[in-house]
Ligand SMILES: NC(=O)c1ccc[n+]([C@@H]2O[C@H](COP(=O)([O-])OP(=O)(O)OC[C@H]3O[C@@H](n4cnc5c(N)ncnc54)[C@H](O)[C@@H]3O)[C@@H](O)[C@H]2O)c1
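One chain follows as structure tokens, the form predicted alone.
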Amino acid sequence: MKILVTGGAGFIGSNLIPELLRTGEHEISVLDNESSGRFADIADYPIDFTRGDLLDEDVLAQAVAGRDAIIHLAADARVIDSIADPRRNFETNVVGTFKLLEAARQAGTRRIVYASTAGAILGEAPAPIDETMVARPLSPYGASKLAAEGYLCAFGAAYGIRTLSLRFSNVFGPKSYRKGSVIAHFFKRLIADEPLIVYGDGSQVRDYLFVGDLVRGIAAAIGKAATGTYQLGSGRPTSLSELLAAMRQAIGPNVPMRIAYAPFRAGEVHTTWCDISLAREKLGFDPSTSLVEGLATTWAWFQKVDQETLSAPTCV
């Protein structure tokens, strides 16, 4: 299968590409503007790389031509930044996704797998969240991902493209040095011997999914007939205080871990975790990495990375 991965130089993409290539059954091309990733992280793999933006229709047409399937990871995924600058978030996530879908329709691409999000779309919904719940986004980022899901559904119904929206929970793992999520942020601060800033009282709950489990799920989903929306998470609730305890276990007793508390931030969901039973049934999704195991693997990777890389601007 000839697969285009948008955003393939980013955190998830750079973990997904070796998983897709592992079987030797796929030919991979990547479209990435390197705003939240870098080509160097995938340069050793046999791929065709195009540096370009989703909003450039000429670049999109060339990237999509001849592709059997698209895995659409490229996005502006910053919740807080989307509140400060909703237009930029809308242009990238909604307009960019529409242009990609239109290019795929023109090229005759028949399969699109979209990287969506869980908690940001549903807002403060009773946990565990599932695919049947009414969406009530609390941020422009959540709204943009919901709008893109709608367009995938519409293009699937109107043009016969098999579209699949995968709502990721909080993903962590190696190569997340430019990711602004809590685990990557905390690990970078630990290496810099800086205090960990907890916004709120540590009671907020998330679903933390190791990237290795996620990319195996995506790689399996690309070849299945399933369409619609599915939750991909660990299926386990973890409070921020529990996460800190697991981090302590993963990094060992010799690394100082100082914690400072600050007020809750507007636009952030307090409690969200996933019911993944539908993905288990229809996609065969079966995450098996424990939180401590995943944290230990991630911490080992962060310790091996040079300081210049770790100090790169956080983008996602």
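Note that residue numbering follows the sequence shown and begins at 1. Keep in mind that what you see is a predicted model, and the values were worked out from it rather than measured.
Not on display, but discussed next: the form predicted in complex with the named molecule.
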Quiz item: Hey, in the model of the complex, is Phe168 touching the named molecule, heavy atoms inside 4.5 Å?
Solution: yes
Quiz item: Heavy atoms within 4.5 Å of the named molecule in the model of the complex: does Ser35 have any?
Solution: yes
Quiz item: Given that the partner is absent here, does Phe187 sit within 4.5 Å of the named molecule in the model of the complex, heavy atoms only?
Solution: no
Quiz item: Does the named molecule get within 4.5 angstroms of any non-hydrogen atom of Gly52 in the model of the complex?
Solution: yes
Quiz item: Among 127-135, 171-179, 152-160, 235-243, which stretch sits within 4.5 Å of the named molecule in the model of the complex, heavy atoms only?
Solution: 171-179
Quiz item: in the model of the complex, do Phe210, Gln231 and Thr272 all put a heavy atom within 4.5 Å of the named molecule?
Solution: no
Quiz item: Looking at Leu122, Ala75, Ile71, Ala104, which is the one with a non-hydrogen atom within 4.5 Å of the named molecule in the model of the complex?
Solution: Ala75
Quiz item: Of these, Gln204, Ser139, Ser116, Thr109, which has a heavy atom no more than 4.5 Å from the named molecule in the model of the complex?
Solution: Ser116
Quiz item: So which residues in 1-27, when you check the named molecule in the model of the complex, have a heavy atom no farther than 4.5 Å from it?
Solution: Gly7, Ala9, Gly10, Phe11, Ile12, Gly13
